[in-house]
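Here you get one chain, nothing else, as structure tokens; it is the form predicted alone.
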Amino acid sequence: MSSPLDKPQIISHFQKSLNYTVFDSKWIPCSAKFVCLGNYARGTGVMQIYEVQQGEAQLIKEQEFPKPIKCGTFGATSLQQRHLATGDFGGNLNIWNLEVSGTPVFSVKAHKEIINSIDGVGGLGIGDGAPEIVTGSRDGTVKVWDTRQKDSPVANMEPGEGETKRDCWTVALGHAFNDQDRCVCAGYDNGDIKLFDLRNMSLRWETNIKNGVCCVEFDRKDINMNKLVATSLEGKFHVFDMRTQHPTKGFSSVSEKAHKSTIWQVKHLPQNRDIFMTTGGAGNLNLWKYEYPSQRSKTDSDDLAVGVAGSVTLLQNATVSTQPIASLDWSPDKKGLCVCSGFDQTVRVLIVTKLSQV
């Protein structure tokens, strides 16, 4: 019988109190630094860069902006440049060279309202094809940007005439396993999840999980679609097996009631796509492992392939705050190292142990 000490442990390495509301925190690739994005009480935006030194965070750079910053991604930059793309409350998409303060290297008025979510692919050596950024906004649109084409998006997914505009809360890029293929998944406030195929410029699949979709993420961006996790307002998450799409039933899924509150984020471990962390509205973190079924697909009575969902196991949980954990980011370089920030105006660096043994 395995003892509790054989399980992964979630250890708080250190925490840092901030004087602003932090919405997103990201590790800077190939460094011991992380960046925090948010807004001051006076209504302006802020970006701070911290370096982990001898068990604490040292502030090395700070910049203030006219609009609060909601989200950021390094997904479309090269490892040499490490440019950060951000979305703000004014609907602006900006790309920053963190080595140089001042003006962005790329800027576009991407949306009419706040950019809720941003993701990138094709950078950092992850995913084939051109580096692209996707943004999702309260204005109901999801747009894909190529930084080489400044003024207009390369794809714009918006409601048709007569359709109600839904607030897009989350976007994710994936399926970038060759130069042509790429998919965008978007989650909306009414529970809609839509999968857009960028190669054919079409809506490939949609479903509704009957609850606002807070976060969607593919387990890996640079492979043929494998799994997608979607989290919801009322504490449930769904894992979709994306390998087999049935013409009418779509993708099979397994759902789990994970937290007694909203699940704000889901993040897969970069070094193992079957382990992921969910963050809750009560300041708690849950670490999960997905187990595949013995057969991932079967044929139905019409001789069509239908997917078979696996199961999820809770590896560990920890409460690190009294407020929602709004963002979490695994270090791409050090397995088990992660940074998370919450609405208690605190950023925390955590270490998750024994991840090689699960």
Partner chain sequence: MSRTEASFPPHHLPPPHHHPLPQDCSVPVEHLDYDYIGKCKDVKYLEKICTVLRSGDEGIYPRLIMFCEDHLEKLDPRSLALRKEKPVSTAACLPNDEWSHIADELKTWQEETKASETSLKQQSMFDALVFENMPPIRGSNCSVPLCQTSVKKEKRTLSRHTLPRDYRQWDKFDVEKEFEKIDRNVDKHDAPAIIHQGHANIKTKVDASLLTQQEKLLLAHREKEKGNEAFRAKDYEEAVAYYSRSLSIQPAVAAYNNRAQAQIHLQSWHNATRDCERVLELEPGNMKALLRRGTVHNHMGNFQMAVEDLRVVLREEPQNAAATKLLLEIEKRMKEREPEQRRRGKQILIQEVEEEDDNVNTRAKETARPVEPSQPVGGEESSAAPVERGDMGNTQKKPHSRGDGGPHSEPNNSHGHRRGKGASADKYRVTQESKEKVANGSGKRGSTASAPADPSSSSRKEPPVGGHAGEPASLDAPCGALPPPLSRLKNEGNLLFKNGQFSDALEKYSQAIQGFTDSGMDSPEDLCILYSNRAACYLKDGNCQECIQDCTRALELQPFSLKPLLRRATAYDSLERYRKAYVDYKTVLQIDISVQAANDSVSRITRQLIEEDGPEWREKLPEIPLVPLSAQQHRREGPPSVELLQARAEKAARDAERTAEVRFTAVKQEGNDFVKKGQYQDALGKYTEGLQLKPEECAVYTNRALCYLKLERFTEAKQDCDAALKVDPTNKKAFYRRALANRGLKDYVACSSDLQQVLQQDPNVQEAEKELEEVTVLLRQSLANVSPAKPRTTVPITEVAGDEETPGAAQSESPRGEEPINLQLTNAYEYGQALNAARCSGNTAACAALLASTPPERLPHFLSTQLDGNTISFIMQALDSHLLEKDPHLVYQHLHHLHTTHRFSVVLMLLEKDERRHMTQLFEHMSAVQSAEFTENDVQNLANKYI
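Numbering follows the first chain given and starts at 1. Remember, it's a predicted structure, so these values are computed and weren't measured experimentally.
What comes next is about the form predicted in complex with the partner chain, which does not appear here.
Student: Could you tell me which one of Ala57, Ala309, Val312, Met47 places a heavy atom within 4.5 Å of the partner chain in the model of the complex?
Tutor: Only one listed residue qualifies here, and that residue is Val312.
Student: Although the partner isn't part of this model, could you tell me whether Gly125 comes within 4.5 Å of the partner chain in the model of the complex, counting any heavy atom of the residue?
Tutor: Contact check for Gly125: yes, within 4.5 Å of the partner chain in the model of the complex.
Student: Please run the contact check for Thr164 against the partner chain in the model of the complex: heavy atoms, 4.5 angstroms, yes or no?
Tutor: Judged by the heavy-atom cut-off of 4.5 Å, Thr164 is in contact with the partner chain in the model of the complex.
Student: Any chance His111 has a heavy atom within 4.5 Å of the partner chain in the model of the complex?
Tutor: Heavy-atom contact with the partner chain at 4.5 Å: absent for His111.
Student: Would you please decide whether Asn211 lies within 4.5 angstroms of the partner chain in the model of the complex, comparing each non-hydrogen atom pair?
Tutor: Asn211: yes, in contact with the partner chain in the model of the complex.
Student: Heavy atom within 4.5 Å of the partner chain in the model of the complex: which residues of 317-334 qualify?
Tutor: Asn317, Ala318, Thr319, Val320, Gln323, Pro324, Ser331, Asp333, Lys334, in sequence order.
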